[in-house]
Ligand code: NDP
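Single chain ahead, by itself, as structure tokens, in the form predicted alone.
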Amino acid sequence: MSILIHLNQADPLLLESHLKAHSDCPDLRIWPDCGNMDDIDCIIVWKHDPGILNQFANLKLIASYGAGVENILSDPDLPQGVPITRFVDDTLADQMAEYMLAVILNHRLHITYYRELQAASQWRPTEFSHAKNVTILGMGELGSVSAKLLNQNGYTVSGWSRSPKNIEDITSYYGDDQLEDAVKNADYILCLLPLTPQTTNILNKDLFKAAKLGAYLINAGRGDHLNEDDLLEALYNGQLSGATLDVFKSEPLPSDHVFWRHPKIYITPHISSPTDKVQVARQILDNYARMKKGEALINQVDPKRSY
């Protein structure tokens, strides 16, 4: 049997090379060169084209190339009963934590601002911000590691999640009733939530109004967490002082999108936590072997929870 690689916005040949580096790698094929479709029992996907997955009669495993699975679960033709796995690894969490710390330091110390002054040959020192209260929305693996790193660097950190978390030195808020309390004193609001029907558009005008005046937003969760019009309004009226966005409803972000030219918005091209090709290849092959033996899969997705 064979594994099919179907990646949009990622290099399938690079993943293929890392998979083939292992002696237990089965036959590999890259979309659209599928060969006999009946041979395919596992598909590795990222931003796949809807309707493709149900074309394979012997499909027994769908493996997400990254941590997100919303593109898979939103496929109207998703084959029922086929297990889905996602990539979870310490490297993802560590990279995300470093990204969050870097964005906050850039904002507090005005690093990009000074780069812009340099371009204009202007010497204009300014006071750096002492704001160090952080609230992280989403306290899974990524959120927990980010919280610990920020706390180690002197930040007061709170986290909000569906259920209470017990992490040393991190204040835990949970449930819909505590969301406003979680953000009301935050200088920085970091979104690392999974995308579910409950979290879609959670970054909206109600949340921004509940937040501390002048709070700064960082969204590295998913683009659909953010109500874009509400963000623009919050930036215009000063409820938020600015935002750094790494994820967007449409990716790549269209060149005519208003975010590109907004003076209070910084954009990074979905690079906050890139997939480690070495680790994802090994994890996929381990799951493939487990699938063949009928064993429990690593990081299997619960479709009811959307992660």
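Heads up: residue numbers just count along the shown sequence, starting at 1. Predicted model only: the values in this text are computed from it and were never measured.
Another form exists, predicted in complex with this ligand; not displayed. Remarks below refer to it.
Listed stretches are 111 to 119, 206 to 214, 126 to 134, 89 to 97; the contact stretch with this ligand in the predicted bound form is 89 to 97, by a heavy atom cutoff of 4.5 Å. Among the residues 226, 104, 189, 220, the one placing a heavy atom within 4.5 Å of this ligand in the predicted bound form is 220. Contact between residue 262 and this ligand in the predicted bound form is not found at the 4.5 Å heavy atom cutoff. This ligand is not shown here, and in the predicted bound form it never comes within 4.5 Å of any heavy atom of residue 182. Not displayed here, this ligand is approached by residue 270 to within 4.5 Å at the level of heavy atoms in the predicted bound form.
When this ligand is considered in the predicted bound form, residue 162 lines it closely, a heavy atom lying within 4.5 Å. Contacts with this ligand in the predicted bound form, taken as any heavy atom within 4.5 Å, map within 129 to 164 to 138, 139, 140, 141, 142, 143, 160, 161, 162, 163.
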